[in-house]
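This document opens with one chain alone, in structure tokens, the form predicted on its own.
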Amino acid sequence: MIIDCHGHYTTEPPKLHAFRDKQLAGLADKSRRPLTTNLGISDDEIRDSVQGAQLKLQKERGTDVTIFSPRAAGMAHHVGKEATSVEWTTICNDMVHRVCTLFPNNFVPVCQLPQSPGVQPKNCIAELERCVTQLGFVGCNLNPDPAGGYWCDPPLTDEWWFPLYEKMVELDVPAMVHVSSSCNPCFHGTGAHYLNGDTTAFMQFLTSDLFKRFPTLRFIIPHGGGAVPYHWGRYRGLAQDMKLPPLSEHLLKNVYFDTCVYHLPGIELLTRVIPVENILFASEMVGAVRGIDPETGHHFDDTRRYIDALPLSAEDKAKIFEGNARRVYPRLNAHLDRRAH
């Protein structure tokens, strides 16, 4: 089985965007607020939104299941106040749940969290618990920078975050560390802000003893880990200078990387530097990079091709494609077992 651990609902029905437009307009003019959170989206509209996109590409590219979450840039935690984020997050998570209910063999849900700048992460616990215990979600996306490029909140290793981590450990769910849209003009959203977030989160983990306190806490750093694999020697050297344990002991029992790296040399580097046990297959297809690579004639985000081309054993490829996702997302197994029957 080939499990894509990084998919977003980027082809949502127009009615969802219409609601968001009204919600944001209502921040400036209360009379323009939407009157209801019932969006009037039919099951057929949801089916149509994925059949020509994610489902079509799954079949064409030979993948089986996508771990599916709301659009990352659409989380926009910096917009409005906490109530804005709570309302929007609930709606987005419910939409993802509907997709996964309609196509249980193709999608498994992961939730966004109702984060807001300056608001304690413990306020996200209720939504995480609802999604996991009531709706069958297997993980969450955690934004390390709800301010959208201004990094106003404490680092991920601060006690500020600990109540949320305690709940993640209790529920046995991981988090993908994923920023949202950038409102800082210095940082392009997908080309800079995303990769900055990945790299920054890793360095925060490196300079802490977070995983001594939470030994079963698990994070997936997407987009191949940002700059991390390319500068692995720098991070090993920094850890050594700080008198920290080797990274294999210090971080790699808790931190994992996905394969959203859109060229073969990058994937080759990732698998040479990072242990195979810490790499999860992913594509983020219908996402940040949707075009065809003129050098290969294939879509940049057709990442299965890169794994297939690697000189790895069948056992190692099976870990990347399936086994590691089952370990990192243990609640995924129940979904996959139902799929098998």
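Just so it is clear, the model here is predicted, and its values are computed rather than measured. The numbering used is simple: start at 1 and walk along the sequence shown.
There is also a form predicted together with a further copy of the same chain; it is not shown, and the following applies to it.
**Asked** Where, among 90-98, 130-138, 239-247, 106-114, do residues come within 4.5 Å of a further copy of the same chain in the model of the complex by heavy atom distance?
**Response** Answer to the contact question: 239-247.
**Message:** Using a 4.5 Å heavy atom cut-off, which residue among P294, P311, G52, G40 comes into contact with a further copy of the same chain in the model of the complex?
**Reply:** By the 4.5 Å heavy-atom cutoff, the listed residue in contact is P294.
**Option touching a further copy of the same chain, based on a heavy atom within 4.5 Å in the model of the complex, out of N254, N196, T84, S181** = If I apply the 4.5 Å criterion carefully, the residue I get is N196.
**Asked** So, in the model of the complex, is P229 in contact with a further copy of the same chain at a 4.5 angstroms heavy atom limit?
**Response** Yes, P229 lies within 4.5 Å of a further copy of the same chain in the model of the complex.
**Item:** Contact flag, D209 vs a further copy of the same chain in the model of the complex, heavy atom cut 4.5 Å
**Value:** No.
**Asked** With the cut-off set at 4.5 Å between non-hydrogen atoms, does Y165 touch a further copy of the same chain in the model of the complex?
**Response** Contact with a further copy of the same chain, no.
**Message:** Can you tell me if V169 lies within 4.5 angstroms of a further copy of the same chain in the model of the complex, counting non-hydrogen atoms only?
**Reply:** Because no heavy atom of V169 falls inside 4.5 Å of a further copy of the same chain in the model of the complex, the answer is no.
**Message:** With the partner left out here, which residues of 187-221 have a non-hydrogen atom within 4.5 Å of a further copy of the same chain in the model of the complex?
**Reply:** Read in sequence order, the residues that approach a further copy of the same chain (within 4.5 Å, in the model of the complex) are F187, H188, T190, G191, A192, Y194, L195, N196, T199, T200, M203, Q204, T207.
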